[in-house]
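Shown here is one chain on its own, the form predicted alone, set out as structure tokens.
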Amino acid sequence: MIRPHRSQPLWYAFILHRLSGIGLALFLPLHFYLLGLALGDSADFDAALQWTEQPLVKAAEFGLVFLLSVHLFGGLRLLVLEFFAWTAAQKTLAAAAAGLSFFVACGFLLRAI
């Protein structure tokens, strides 16, 4: 069964927004665990901070910032859909939001390296 709406760019924007939300939700327990280490034993927290200096963790931080910015811009896109009239330019805005998210994440990665 062919679903023509799933070939539209805004469908991909919806999927990207949904997946970024799931990714951020999966990250939260790790974040809360590290915050808990900061409140507890400082040696464990220092070891966790040293672990974050690995290149793979830096790449994961890039991914996290990308997910965060994609989710932010996707949410703004949804607000525009709710409060303003539909225009064909929204496809362009959705693509621009994804591109801007990528550049924000790249800027964070360059600062982290």
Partner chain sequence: MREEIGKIQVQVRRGGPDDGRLVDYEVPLLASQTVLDVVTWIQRNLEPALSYRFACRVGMCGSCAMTVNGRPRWTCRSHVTDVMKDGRIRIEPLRNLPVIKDLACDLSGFFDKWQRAEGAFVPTQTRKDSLAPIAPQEPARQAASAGIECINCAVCYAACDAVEQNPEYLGPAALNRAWTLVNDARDGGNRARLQAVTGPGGCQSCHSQQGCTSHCPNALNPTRSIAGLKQAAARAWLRGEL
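Take the two forms, find the largest set of C-alpha atoms that superpose within 1.5 Å, and that set is the rigid core. From a predicted model like this one, the values you see are computed outputs, not experimental measurements. Numbering follows the first chain given and starts at 1.
Beyond what is shown, the protein has a form predicted together with the partner chain; the following relates to that form.
Contact annotation: the partner chain lies within 4.5 Å of heavy atoms from the stretch 76-84 in the predicted complex, the single such stretch among 76-84, 40-48, 27-35, 59-67. The shortest heavy atom separation between L10 and the partner chain in the predicted complex is within 4.5 Å. Among residues of the shown chain, R3 is one whose heavy atoms approach the partner chain to within 4.5 Å in the predicted complex. Here L56 does not count as shifted, since its C-alpha moves by less than 2 Å between the shown form and the other one after the core is aligned. Once both forms are fitted on their core, a CA shift of 2 Å or more is seen for F84 between the shown form and the other one.
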